[in-house]
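Read the single chain below, which is given as structure tokens and is the form predicted on its own.
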């Protein structure tokens, strides 16, 4: 079976290392704040001006003034800092973020990403994704492997307007963990109960598959 949004976020959180500064994008990435390993210290950054974002609040903890970039209420961890959006983007553009996790419409075998617009559809703006993919040291994409019509989002070449070029290192979908290198997708893990054949059928871009692909562990 394909992973739920929460399971994808749980797998994303396994990518965090002790001492990392991590930016979590809107959607599935923000859910990873709930699953950070208790044995490590990670500072989660929100582009609207919060460093040290904690898990989502309980009903008793909700503070309408404490929000992330997706306008969701959040908590602040011990040692958190609050500052202006301008300072937040200076942090991002200055290369001080170790890892960015964001969603996407498409990713291709060159590591290029399309995430900010679909031509002909109303958009509010490009947001901060272009700064994030240009400034972070490591970039992971989370998304469903295929769109609601069953079309693959992992392509030989993106068809939508690009957010960044040759910048994505890893993709975590509802079916698989995939590394992007050497002009190909390399299958590293699969969701429990999902077959390699299903992943192949839903991956339009060049896919390299080793002999033994382990299941994701949560």
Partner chain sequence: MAGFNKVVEHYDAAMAGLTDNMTIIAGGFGLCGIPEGLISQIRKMATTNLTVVSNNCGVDGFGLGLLLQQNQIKKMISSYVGENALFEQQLLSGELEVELTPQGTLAEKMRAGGAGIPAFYTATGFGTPVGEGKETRKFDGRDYIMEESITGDFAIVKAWKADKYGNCIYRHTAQNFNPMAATAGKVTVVEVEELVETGELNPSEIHTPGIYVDRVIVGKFEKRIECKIITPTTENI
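Quick caveat: nothing in here was measured; it's all calculated off a predicted structure. Positions refer to the first chain, counted from 1.
Although it is not shown, the form predicted in complex with its partner chain is what the next lines describe.
A.B. asks: Find the only residue in 165, 43, 184, 36 having a heavy atom within 4.5 Å of its partner chain in the predicted complex.
C.D. replies: It is 165.
A.B. asks: Counting only non-hydrogen atoms, which stretch in 28-36, 51-59, 174-182, 147-155 is within 4.5 Å of its partner chain in the predicted complex?
C.D. replies: In short, 51-59.
A.B. asks: If we define contact as a non-hydrogen atom of the residue within 4.5 angstroms of the partner, is residue 96 a contact of its partner chain in the predicted complex?
C.D. replies: Answer no; every heavy atom of residue 96 is more than 4.5 Å from its partner chain in the predicted complex.
A.B. asks: Although the partner isn't part of this model, could you tell me whether residue 77 comes within 4.5 Å of its partner chain in the predicted complex, counting any heavy atom of the residue?
C.D. replies: Residue 77: no, not in contact with its partner chain in the predicted complex.
A.B. asks: Decide whether residue 111 counts as a contact residue for its partner chain in the predicted complex under a heavy atom distance cut-off of 4.5 Å.
C.D. replies: Answer no; every heavy atom of residue 111 is more than 4.5 Å from its partner chain in the predicted complex.
A.B. asks: Under a 4.5 Å heavy atom criterion, is residue 193 part of the interface with its partner chain in the predicted complex?
C.D. replies: Residue 193 lies outside the contact set for its partner chain.
A.B. asks: Non-hydrogen atoms within 4.5 angstroms of its partner chain in the predicted complex: do 103, 137 and 159 all have one?
C.D. replies: Not a single residue of the candidate spot has a heavy atom within 4.5 Å of its partner chain in the predicted complex.
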